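So this first bit is one chain, no partners, the form predicted alone, shown in structure tokens.
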Amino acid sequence: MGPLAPYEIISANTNMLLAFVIGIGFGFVLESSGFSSSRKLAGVFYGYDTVVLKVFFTGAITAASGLLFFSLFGWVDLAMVYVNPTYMHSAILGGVVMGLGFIMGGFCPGTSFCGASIGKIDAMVFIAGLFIGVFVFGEGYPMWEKLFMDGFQGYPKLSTVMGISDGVFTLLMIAAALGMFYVGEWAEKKFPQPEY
């Protein structure tokens, strides 16, 4: 029965070691899939390359389906799976800031480290900006603490908020993913770009 760490099937140190190894594997897959290219990542916003959209949607539905079936088989206790607290106002503001940074820099935090690991200067500059942002946020926290903590919604799951079962929610997410894949294919044909 999982999750493994909360049920003390593995130690906290083993949990951290596994996270480290999985993180390296994740970074390797990101880099080998071309996600260290800012042009490829920016292609999502311009419509000429939607591989990032397809990969992350595939990851989401694979994880959701896996957790659902593992729960049905009694291998994972979903009640023990951590759900992030939701602070609605800061989540919306943070999403806007993150989205603008993604469009302007062509990276998200994870892919910027992939790019930097193979020596890309633009990725290193992006990381420098990232740390400047972290420093400014940390040092100025008392000024925006109220905004950051405002709109607390608890620890909701979308399926609970929507009043549907986890299975129906996963089915809807798969349908949404298939719809996005179709739109992505259409966009790539509509806005083709020369090889980059």
Partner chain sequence: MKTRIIISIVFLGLGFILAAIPQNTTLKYKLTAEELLTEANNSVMFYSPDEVAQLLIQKDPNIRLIDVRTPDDYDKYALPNAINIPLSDLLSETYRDFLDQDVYQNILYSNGTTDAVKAWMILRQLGWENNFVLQGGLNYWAETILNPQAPPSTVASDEIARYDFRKGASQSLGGGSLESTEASVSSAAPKPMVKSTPKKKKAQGGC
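Numbering follows the first chain given and starts at 1. Quick caveat: nothing in here was measured; it's all calculated off a predicted structure.
As for the form predicted in complex with its partner chain, it is not shown, yet the points below apply to it.
- Contact here is defined as any heavy atom lying within 4.5 Å of its partner chain in the model of the complex, and by that definition each of Leu68, Ser71 and Ile174 is a contact residue.
- Partner contacts here mean any heavy atom within 4.5 Å of its partner chain in the model of the complex, and among 123 to 131, 161 to 169, 35 to 43, 138 to 146 they occur only in 161 to 169.
- None of the heavy atoms of Leu30 is located within 4.5 Å of its partner chain in the model of the complex.
- Taking non-hydrogen atoms only, Leu178 approaches its partner chain to within 4.5 angstroms in the model of the complex.
- When its partner chain is considered in the model of the complex, Leu53 lies well away from it, no heavy atom lying within 4.5 Å.
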